[in-house]
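Here we start with a single chain on its own, the form predicted alone, put down as structure tokens.
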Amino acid sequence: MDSKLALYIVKRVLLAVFTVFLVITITFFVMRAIPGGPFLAEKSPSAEVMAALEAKYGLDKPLWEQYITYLSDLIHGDFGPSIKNRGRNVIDLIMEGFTISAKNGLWAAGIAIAIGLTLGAIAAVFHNKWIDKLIMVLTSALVAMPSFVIATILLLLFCIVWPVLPANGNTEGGLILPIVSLALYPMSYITRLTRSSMLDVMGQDYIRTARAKGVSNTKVIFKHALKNAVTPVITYVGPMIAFILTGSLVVEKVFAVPGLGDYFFSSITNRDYPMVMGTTIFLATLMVIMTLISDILYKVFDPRVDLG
């Protein structure tokens, strides 16, 4: 491995660890600062019952001691028990929900990449033609809308106006709309990114040289132009996958998908501190790791990039 690349990876890993540490610290103290508590929803607990519950979960200790204890447990891979899920371990609940969220997210990512690259290439090849303008109008509209707005529109259209698909993501065929909702925004962004990059590449000297040598237009587009134009897309794929998985929290709520989003929102509502902390740390770590992988792949695909 190149020494400069190795040094870059080490620096980014250290930065990633520090970033996750900041997320843990901020989330921990912000959650404790919010008025209310995890046991206030109980039916008028007595002072003795409240004290016993707080002692069971360590909430009777000073805040700094709770923080140190949490960090110590976290280092050993212990996210603690969920307060509102009958004491089940937080990491088990996260993995249970993430299995569903990841499946939906990977399907959405695959659709977004495949269709986005295709539409971007078509728009570039037919630059300033009607099909290019149509693709740009549609993708501009979709990029301007958050995933939960797209989810709500799809829910209205295909579950109420034309009831052809189920609104509940926990039924047969119920994952179609959540997956489409997650795929449309990144698909549109990749389309625009690919189009812009291809237009730049197609103006390069080596493309003109290939055409002057009689290379077919199809070969020029797919072997030369698209291959080199895809490099900027690589930098977006990592954060995109993390965005899809984190964006799915809201989309899952709209379509009642029993994924990680269900646990996340219920934990916030119930002040389930360990569950809120666990999901936040998990998603933040996922975002950092995917961004790191994307940056490294960018360097691998384009050695000219200066890592600094």
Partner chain sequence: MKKDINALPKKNPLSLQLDLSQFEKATDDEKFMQQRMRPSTTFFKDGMRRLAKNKIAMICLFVLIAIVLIVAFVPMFYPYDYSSQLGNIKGQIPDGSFKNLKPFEYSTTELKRIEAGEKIFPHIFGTDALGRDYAIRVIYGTRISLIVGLFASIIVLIIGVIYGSIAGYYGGKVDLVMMRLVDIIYSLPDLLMIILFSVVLKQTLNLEGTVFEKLGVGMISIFIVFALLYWVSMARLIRGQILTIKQQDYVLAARSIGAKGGHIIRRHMLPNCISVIIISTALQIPSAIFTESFLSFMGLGVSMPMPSLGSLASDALGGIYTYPHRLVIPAITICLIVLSLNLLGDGLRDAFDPKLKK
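Residue numbers count along the first chain shown, from 1. So that the term is clear: the rigid core is the largest set of C-alpha atoms that superpose within 1.5 Å between two forms. The shown structure was predicted, so the numbers you read here are calculated from the model rather than taken from an experiment.
As for the form predicted together with the partner chain, it is not shown, yet the points below apply to it.
Shown alone, this chain has one stretch from 159 to 167, 203 to 211, 95 to 103, 110 to 118 that lies within 4.5 Å of the partner chain in the predicted bound form by heavy atoms: 159 to 167. Within 4.5 Å of any heavy atom of the partner chain in the predicted bound form lies no heavy atom of Gly173. Though the partner is left out of this view, Val180 does not reach within 4.5 Å of the partner chain in the predicted bound form, counting heavy atoms only.
In the predicted bound form, Phe264 approaches the partner chain with a heavy atom inside 4.5 Å. Among residues of the shown chain, Leu59 is not one whose heavy atoms approach the partner chain to within 4.5 Å in the predicted bound form. For the marked spot (Leu15, Val254 and Val276), a heavy atom within 4.5 Å of the partner chain in the predicted bound form is present in each of the three residues. Put simply, of Val220, Met145, Val125, Ile91 only one has a heavy atom within 4.5 Å of the partner chain in the predicted bound form, and it is Met145. After superposing the rigid core, the Cα of Phe282 is displaced by less than 2 Å between the shown form and the other one. Annotation for Val23: C-alpha shift of 2 angstroms or more between the shown form and the other one, rigid core superposed.
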